[in-house]
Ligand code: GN1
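First comes one chain, alone, set out as structure tokens in the form predicted alone.
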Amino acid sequence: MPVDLREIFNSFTPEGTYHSGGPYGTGHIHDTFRIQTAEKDRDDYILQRLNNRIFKNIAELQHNIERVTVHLRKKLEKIPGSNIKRECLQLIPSKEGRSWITDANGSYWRMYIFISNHRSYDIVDSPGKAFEGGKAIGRFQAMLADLPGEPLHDTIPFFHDIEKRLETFFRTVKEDPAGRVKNVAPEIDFIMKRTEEMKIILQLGREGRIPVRITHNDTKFNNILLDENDKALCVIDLDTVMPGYVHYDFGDAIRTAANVAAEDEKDLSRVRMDIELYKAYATGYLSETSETLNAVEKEYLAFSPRLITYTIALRFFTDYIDGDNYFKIHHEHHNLQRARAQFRLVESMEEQYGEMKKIIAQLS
């Protein structure tokens, strides 16, 4: 169904006037558009049509983002030299005063100021960039450590809960709705061999040895914007900011920042974790969080990339068996290709696990 971006844009309260708009970015979930304004001295904007099939409660989703961005801006205001408009996402209110609208088709939309002159990377090619990414996520967590009020909403319940993900996986395999199980026995075996080990973070949480904190929960590297000099600028894509364990953020970041290949790399011989990128990211991350994390949290940071890479692989693989109902795909076996690449990355991490633990111990 055609979208009138000008009409959607004008439902909000921007400072500039609409000039042009078109698709932007490579996100899996929402439909994202960049709006260019007619005035050279005004901001451009990002419009997003929100996926309310995945995010069931848009009001709660937006409320989380409102609370987080307001808190971050207050923190940044106290830091000399901060450029708040570039270092924190800023929602634009609708003409009704809310942070989202519903169009005539029942679709939900929100709008942010477009952060100009930024850089983002799907693949990290230097320790310097990895360090800045770690610094960005560490700073993000540290600045939200004292967010007042009630806990944030769970925008996707059990998002990184490996026990729930495994339950869904086993049920989907049993039901085999797309008739694909017969062709993926090696991948199922890969999952089965690691199920118990992957529950350790949840067990530590239940035992009270690690606390629930505010975490981003989707820290792939292209959710970190760097500036023109490849220095940490802004953390974006706040849909999954909610209560969680710090290991979820650190693990997913390493999954993308230290992987030398694409997330869906077809040639598995190219997939591996670069230990130098891992070390650089960990150094940046702990430079911001070492004073707030407890000893057990630090001890299990090295394990977390294995957990989250396994979890993401499991999600891709479950979606493939289910008939591709969650992630956007570009060809019939895209989710299986993604899963296989992540399985191989898990193996690479396992091969280097001793060194990963040693690095964290040295930095702690």
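Just count from 1 along the sequence shown to find any residue number. In this text the structure is predicted, and so the values were computed from the model without any measurement.
The same protein also exists as the form predicted together with the named molecule; that form is not shown, yet it is the one meant from here on.
Contact annotation: E263 falls within 4.5 Å of the named molecule in the predicted complex, judged by heavy atom distances. With a 4.5 Å cutoff on heavy atoms, R73 does not count as touching the named molecule in the predicted complex; it lies far away. Contact check for Y320: every heavy atom lies farther than 4.5 Å from the named molecule in the predicted complex. Shown alone here, Y108 lies farther than 4.5 Å from the named molecule in the predicted complex, counting heavy atoms only. Proximity to the named molecule in the predicted complex, taken as a non-hydrogen atom within 4.5 angstroms, holds for one residue of D154, D237, D227, D161, which is D237.
Listed residues H334, R315, K298, R67 were compared with the named molecule in the predicted complex; R315 is the one with a heavy atom within 4.5 Å. Between 56-64, 299-307, 323-331, 35-43, the stretch whose residues reach within 4.5 angstroms of the named molecule in the predicted complex through a non-hydrogen atom is 323-331.
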